[in-house]
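Listed next as C-alpha cells: two forms of one protein chain, kept apart as structure 1 and structure 2.
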Structure 1
Amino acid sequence: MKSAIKITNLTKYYDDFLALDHIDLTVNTGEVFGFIGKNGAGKTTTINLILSLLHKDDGEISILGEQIKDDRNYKYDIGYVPDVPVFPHYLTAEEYLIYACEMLDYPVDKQAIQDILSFVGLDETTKQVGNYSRGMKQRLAIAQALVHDPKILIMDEPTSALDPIGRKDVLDIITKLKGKKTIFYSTHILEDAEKVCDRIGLIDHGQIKLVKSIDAIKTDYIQPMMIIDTKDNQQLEDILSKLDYVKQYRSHHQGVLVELSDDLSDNTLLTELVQHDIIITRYIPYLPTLEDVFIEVTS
C-alpha cells in the first residue's frame, strides 16, 4: 500500500532540547492513524514539521510518495486542523472558506461550501467568526481543512479543548470521513483514539515507542485478568491472597481486578470461589484499554 505520510529519521532540536529523536513513521493511504502521546511528547512538533512551519534538523518527510523540499505544492493535498483554531474575527464562516479556497487555488463553489458547512454541522454562516463558540470554531477548522477535498487530513488534538458533546461531534465527523481520507489524528485522549483509529503510533519523549493496529495492541498487551464482584469483597480478597495462581489484585470501581497466571483458564478461579460459597455478582474478563497499554509502554 502506498504511504500517505512517510517520516524517516526525523529529528528536531529546540536549542539543546531534543524534541524529536530520529523518528520513523508511516501512515498508510486511507487509514485513520492515531498519533498519541502525553503533552510535550512531540506530537505537535511532528505535525508542524510536516507542514513546514518548523525546520527539521535531520530526516525526511514524504507526502504521497513525494519528498518535501522547498516547494509548497504538497500542501494542496493536505487539510490541517489545529488544536485551538484561530480565525480572523471579522470574517464569516462562508467568507473564511472562500478565503481558504482562494489560498489553495481551488475553485470557489458556494454550494459546495454550504455542503461542507452542513457536513460539519455548522449552519450559522452569517455570524462573524469572532462570535463563535469554541466548538463552532473547531467545526469551522474541520470545514476549512476539507474545503479543497484534500487526500490527507492532519488533525492536531482537535478534541482537547472541547466539552463532551463537542468531542463526540468531532469524533462523529472523523467516523464519517473514515475510508474517504487519510487521517493523521494526534491526541492525548486515548479513549478518542480507540474509538476512531485503525492504527496508532505512540510517541514519548520524542521517540516512537509503538506503532500497531488497535486490535494488535489489545492482543499483544492483553493479560489474563478478571473483574470480580461479590457480596463480600473482603472475604474475596482473603481467598485471593491464598491462591498461588493469583499474581495480584486490587480494588476496581466494578469490584476487584484480579491478575492471574498466564497459563490459567478462567474457570479455575471461578470453581475455587464457588467452593468457598461466596456469592458472586460479577465475573467478567477485563479488556485492557489503550490507556493501560499507554501506561505500560511509557513506564
Structure 2
Amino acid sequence: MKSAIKITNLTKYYDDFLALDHIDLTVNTGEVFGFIGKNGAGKTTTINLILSLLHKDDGEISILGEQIKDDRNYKYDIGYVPDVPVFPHYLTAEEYLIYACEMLDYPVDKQAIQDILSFVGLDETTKQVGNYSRGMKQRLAIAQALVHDPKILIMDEPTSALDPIGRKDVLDIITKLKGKKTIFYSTHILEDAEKVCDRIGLIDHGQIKLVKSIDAIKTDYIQPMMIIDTKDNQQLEDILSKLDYVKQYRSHHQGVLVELSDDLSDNTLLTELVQHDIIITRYIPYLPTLEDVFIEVTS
C-alpha cells in the first residue's frame, strides 16, 4: 500500500533538548492514523516538521511518495486543522472560505463551499465567526482544511478544548471522511482515538513506543480481566494473593481489578470465592481501553 506520509529517522533538538529521537513512522493512504501521547510528547513538533514550520536536525519526510525538500507545493495536498483555530471575527463562514480559496490561489466555487459547510454542519448559519461557539469554530477549521480538496488531513488535537457535544461533532466528521481522505490525527484523548482510528502510533518523550492497528492492540494487550466488588475487599485481596492463576490485581473505583491467566474460565475464580463465603456485589468482565495500553507501554 502506498504511504501518504513516511517519516524516517526524524530528529529535532530545541537547543540541548531532544524533542524527537530518530523516529520512524508510516501513515498509509486512506487510513485514520491516531498519533497519541501526553502533552509535550512530541506530537505537535512532528506535525510542524511535516508542514515545514520547523527545520529538522536529521531524517527524511515524504508526502505521497515524494521527499519534502525546498519546494512547498506539496502543501496543496494537505489540509491542516490546528487545536485552537483563529479567524477574523467579522466574516461569515462562507466569506472566510472564499478568503481561504483566494489565499491558496484556488478557484472559488460557491456551490462547493456550501457543500463543505453542509458537510460540517454550518450551512444554516449566517452569523459572523466572532459569535461562534468553540465547537462551531473547530468545525469551520475543518471546513477550511477541506476547501481545496486535499488528499491528506492533518489534525492537531482537534477535540482537546471541546465539550462532549463538540467532541462528538468532530469525531462524526472524521468518521464520515474515513476512506476518502488520509487523516493524521494527533490527540492525547485516548477514548477519541479508539473510536475513529484504524491504527495508532504512541509517542512518549520523543520516541515511538508502539505502532499497531486497533485490532492488533486488542489481541496483543487486552487480557482476560474482571472487576470484582465485595463486602470486604481486603479479604478478597488476601484470597487473590494466594491464587496462582491470578496474574495481578489492583484497586479500581468499582472494586478490585483482577487479571487472570489467559486460559482460565471466569467461573473458576467465582467458584473459589463462593467457597470462601465471600459476599460478591459485583463480578463483571472488564474491557481494557487504549488508556490501559498507554499506561502499560509507557510505564
Partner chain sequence: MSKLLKYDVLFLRRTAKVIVFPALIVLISIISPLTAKYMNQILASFLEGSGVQIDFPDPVALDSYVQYISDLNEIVLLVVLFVSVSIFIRDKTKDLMPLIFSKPVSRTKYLLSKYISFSTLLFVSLLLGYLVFTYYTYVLFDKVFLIEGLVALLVYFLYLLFLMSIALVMSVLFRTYIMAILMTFLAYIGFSILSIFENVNILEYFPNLLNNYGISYISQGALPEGMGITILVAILFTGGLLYLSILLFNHQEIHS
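These numbers were taken from a predicted model, which means no experiment stands behind them. Throughout, residue numbering runs from 1 along the sequence of structure 1. Throughout, rigid core stands for the largest set of C-alpha atoms superposing within 1.5 Å between the two forms.
Between the two renderings of this chain, the form predicted together with its partner chain is found in structure 1; structure 2 comes from elsewhere. Core-superposed comparison between the two structures: the Cα of residue 52 travels less than 2 Å.
Once the rigid core is overlaid between the two structures, residue 77 does not reach a Cα shift of 2 Å, moving by less than that. The rigid-core alignment places the CA of residue 61 less than 2 Å apart between the two structures. Relative to the superposed core, residue 240 moves its CA by 3.7 Å between the two structures. For residue 277, the Cα shift between the two structures is 6.6 Å when the rigid core is held fixed in the overlay.
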